[in-house]
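Consider the single chain below, provided in structure tokens and representing the form predicted on its own.
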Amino acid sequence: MRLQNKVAIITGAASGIGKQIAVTFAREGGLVAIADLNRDAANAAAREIDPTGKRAIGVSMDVTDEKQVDAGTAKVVETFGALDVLVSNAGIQIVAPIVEFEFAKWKQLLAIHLDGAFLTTRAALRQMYKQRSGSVIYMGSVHSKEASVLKAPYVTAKHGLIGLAKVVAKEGAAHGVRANVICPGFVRTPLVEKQIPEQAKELGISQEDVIKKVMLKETVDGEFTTVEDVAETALFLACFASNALTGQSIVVSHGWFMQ
């Protein structure tokens, strides 16, 4: 049990990557808080992980709302008595050419990815600093390293998470806190499923070509990254025993973008 009785908040965890991370952490003995905009889905995911409600709870959280973030984090600490891991995973995707991109949608995407990361980090660090320990993990993307057409705000936000993680690693070191970024390739979640027809329309190609010639073109095996791939990486970082990897980003992409 690599995370025995360690407390984790995972944002955007009612489904997809976040939910799999919560399942994996719970499997390893962790106490998990499913923080999500959808309260009912968060509670349902928590019950699925632990029907007793003793080792998994749902938390209603809009990561762009300062009061909700602070209140949700306080609820987790009150319930479980500590906070050892934050996985900042909540995010959305909107695709369009820059010349057509609505400013309101630009601000919405950056708020969820960057403001959300900042607010949840700040709330988590206040508790972690008291404990003199903790791990902060951001869900970046290969787009934290690379760029693709139609994704200007997403690429901008994911690059920004690497900068934030480096600052947290430097400021947090004196308080026993580490920070990392996981950079997955395309994971076939509802977020990616939605992009396939959107990109097909924008690029004037078939959905099959979006998958083969856009999304998976640079992989070594033509395979999507899985939620399990990402969750096991999160587990590895959450229970890593020293500061040797703090501030680093790890690409999990079946060979797309090798460092």
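Note that residue numbering follows the sequence shown and begins at 1. Everything quoted here is computed from the prediction, not taken from an experiment.
The same protein has a further form, the form predicted in complex with a small molecule, not shown here; the description that follows concerns it.
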Which is the contacting stretch out of 99-107, 182-190, 168-176, 121-129, given heavy atoms within 4.5 Å of the small molecule in the predicted complex?
182-190
With the small molecule left out of view, which of 82, 95, 92, 162 would have a heavy atom within 4.5 Å of it in the predicted complex?
92
Assert contact residue (the small molecule, in the predicted complex, non-hydrogen atom within 4.5 Å, options 157, 112, 76, 137) equals 112
4.5 Å heavy atom contact, residue 17 to the small molecule in the predicted complex
yes
Using 4.5 Å between non-hydrogen atoms, is residue 61 touching the small molecule in the predicted complex?
yes
In the predicted complex, is there a heavy atom of the small molecule that lies within 4.5 Å of any heavy atom of residue 210, even though the partner is absent here?
no
With the partner left out here, check for me: in the predicted complex, does some heavy atom of residue 214 sit within 4.5 Å of the small molecule?
no
